[in-house]
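Below, in structure tokens: the form predicted on its own, a single chain.
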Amino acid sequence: MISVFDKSALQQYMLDNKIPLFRAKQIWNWVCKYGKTSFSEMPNIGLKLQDIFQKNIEICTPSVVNILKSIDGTTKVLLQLEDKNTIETVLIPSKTHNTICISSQVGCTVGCKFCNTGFNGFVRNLTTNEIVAQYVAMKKITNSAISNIVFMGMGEPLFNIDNVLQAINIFTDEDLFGISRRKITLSTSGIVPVLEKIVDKLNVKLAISLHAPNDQIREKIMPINKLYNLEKLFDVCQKYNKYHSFLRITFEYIMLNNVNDTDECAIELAKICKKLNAKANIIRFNTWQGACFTESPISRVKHFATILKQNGIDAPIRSKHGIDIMAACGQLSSSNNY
């Protein structure tokens, strides 16, 4: 069957079967804009065509296992894929826009010690359709306008880069979702060889999961640093800046009590941000069962951010979203109890 998101294949199918091309745009409108997952939900397509399309065009539709709604409006959805594996996807509302946090893998191979996702290991990469289908599923469930996408869910996007890049192209295609590249953020722990290969074509916002200002601390909490140290990571960050001067890198920095939250760490981080013209996103640690870290006191978090700001660094403290439903940063895991 033809994937509804394979633009050229769907257009060719219409031409081969002497079906007007505008039918393809009708389908994309229903699926991408309104979250419809069945041709029977598309009233401007006749019953005969609905039946033909149902047999020949696939709309990837993971099963919704459970939905949790936070007191702050955040929605977390547990989706079951065709092979029975499950993933989590989160919709984060704000006053001005809604952001979907998308997963790229079932589990994660990176194994950052502060993150719940990798705690239970890695299963497999998601297909392009499975990545895009998360948006469609969330759209149908919440009936909300979704303007921003962050690849910050389960998994390391750069270890599934081909499917992630294809998904980004689908999301930004004007005939499909039509989302601005400036409203898409890819977060990575820093897989340097992959980032070097795609740095010139990755014209979306880049967020680096830094979480420590030096190799000594980072290696203790992020094993990936033993393969790709900060010198190598910062070299490729400079290359990204060269190709995308209008897109500033964000360094994500999770505050771990008595680990990486000292004044000295803040000063080191400020120097890094200045050198790379980057901003810092300060994240309060969100605990989970089995976590070996605790959250830095809020007074320490604010003081850390103040040091950065005094050094001329844009350093907002990320608001906690969905903490009561285990939907906050670092808490996602398909093994969570619902």
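For every residue, the number given is its place in the sequence shown, counted from 1. Everything quoted here is computed from the prediction, not taken from an experiment.
The discussion below concerns the form predicted together with a small molecule, not included here.
Interface residue remark: residue 189 is counted as part of the site for the small molecule in the model of the complex, having a heavy atom within 4.5 Å. In the model of the complex, at least one heavy atom of residue 285 sits within 4.5 Å of a heavy atom of the small molecule. Contact check for residue 167: no non-hydrogen atom falls within 4.5 Å of the small molecule in the model of the complex. When contacts are judged by a 4.5 Å heavy atom cut-off, residue 209 counts as touching the small molecule in the model of the complex. Heavy atoms within 4.5 Å of the small molecule in the model of the complex map, among the stretches 192-200, 88-96, 134-142, 151-159, onto 151-159 alone. Residue 252 is the only one of 252, 72, 215, 173 with a heavy atom lying within 4.5 Å of the small molecule in the model of the complex. Contact with the small molecule in the model of the complex, defined as a heavy atom within 4.5 Å, holds for exactly one of 106, 115, 204, 233, namely 115.
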